[in-house]
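Just the one chain here, the form predicted alone, laid out as structure tokens.
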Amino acid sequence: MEYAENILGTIGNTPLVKLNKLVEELPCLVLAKYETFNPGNSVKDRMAVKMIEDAEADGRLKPGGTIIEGTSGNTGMGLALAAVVKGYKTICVISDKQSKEKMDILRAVGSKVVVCPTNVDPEDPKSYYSTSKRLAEETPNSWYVNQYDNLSNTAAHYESTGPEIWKQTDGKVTHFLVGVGTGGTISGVGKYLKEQNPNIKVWGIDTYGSVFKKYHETGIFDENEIYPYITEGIGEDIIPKNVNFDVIDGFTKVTDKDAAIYTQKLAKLEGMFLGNSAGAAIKGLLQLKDQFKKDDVVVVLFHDHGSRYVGKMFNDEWMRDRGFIEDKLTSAQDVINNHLDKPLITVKTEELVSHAIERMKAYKISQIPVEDSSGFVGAVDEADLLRKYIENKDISNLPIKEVMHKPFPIVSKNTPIEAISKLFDRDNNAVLVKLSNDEYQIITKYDIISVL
């Protein structure tokens, strides 16, 4: 009979899968190292078990202990699975930009999840780096994994992932590409492959908002490059000890939008239901097309499974809200379609300014058309009211007709977006769209920006 002693025995020996439609423009053979076949559905299972076993061996992790780690989700999953088998508890500290699915999955396998803000410096007490360290200091019989600086991370890929790729390609691999986060995968695989053949090129996929590319090229850690980004699992605002820049030939950066779009394309064109970093990896591969020749064998590693991103990259509403879906929007009708269910909020000429302010706060809006029995006769906006309030503190008790400005322009629902945008100026922040004799909607500057 053939069986594994426990679930950890199924880690590794993941398949290589040929990419087809998405790489038609490339002259070479492109193979995906498909890491979702690991039991935790990600490449991180490999290093999670290696780090635990090394910590057990040298006494850092003791029986019945608690494993604590800051994670984007996948390492936490690998640690949690190993903890279940080996009898440990886990606390995963995760940033709030990670998908809800990742958090739910970690809880499902028995891990406690602590969520921290993304947009803070690594040294900030609220960051997931600092929180992980603090929890490890406060929790008896605990071990702080620190995957970023724990070199067992790199060793796992030097001992397993690298040799697998070399064997599966019969030593014919010429390029290896992978998204870089902690740096363990690229450094471990890169070191092993270059020991077999120094001519193999190793490329890292980075994201905008991360420091890797510039640091590799110049040796400068540029804090001005650090800003929040959406892509999950790659990029860093620190330089982890696991990143061995000596085995990396170069980096290419991929935008959040491209990473998200190509995550969807992998599913729809290749049948590969993968995570966000895979989208970044395949787009980075295409950006490097000039690096490849006819007889090259390029291996790109795909980290994790698409089930962890169903509410994000595989949700068209989420994609559209971030401008990642390029709908063909041409007219006023296209712009107002997403708020047709909301009534147009107006105010009467004889109502008080305080009434308009209450409606602005209640509906979270900045502009309100003013009407009387004849129709629209004026408008008010928050900038207007603020300016006039500074001039007269009793403005709240004035009738709207005394503070309103000229009415917003009215256009038909078929008016082109280009024509509408020309109606906005310093004194006019909105346009009304006539849908029928007595039905109108409003388009603001924010609406136009949102669809561009």
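Here the structure is a predicted model, which is why all the values come from computation and not from measurement. Start at 1 with the first residue shown and count on from there.
The next section is about a form of this same protein that is not shown, the form predicted in complex with a small molecule.
Even though the small molecule is not shown here, does R46 get within 4.5 Å of it in the predicted complex, heavy atoms only? The answer is no: R46 has no heavy atom within 4.5 Å of the small molecule.
With heavy atoms only and a cut-off of 4.5 Å, decide whether F176 touches the small molecule in the predicted complex. No, F176 is distant from the partner.
Is there a heavy atom of I234 no more than 4.5 Å from a heavy atom of the small molecule in the predicted complex? Yes - in the predicted complex, heavy atoms of I234 and the small molecule come within 4.5 Å of each other.
is_contact(D304, the small molecule) in the predicted complex, heavy atom dist at most 4.5 Å: Yes.
Within 4.5 Å of the small molecule in the predicted complex, counting heavy atoms only, one of 304-312, 215-223, 282-290, 193-201 shows up; tell me which. Going through the listed ranges, the match is 304-312.
Just to confirm, with a 4.5 Å cut-off on non-hydrogen atoms, which of T161, N74, T207, T263 contacts the small molecule in the predicted complex? Of the listed residues, the single hit is N74.
Identify which of A259, V180, A156, A80 has a heavy atom within 4.5 Å of the small molecule in the predicted complex; exactly one of them does. Contact with the small molecule in the predicted complex is made by V180 alone.
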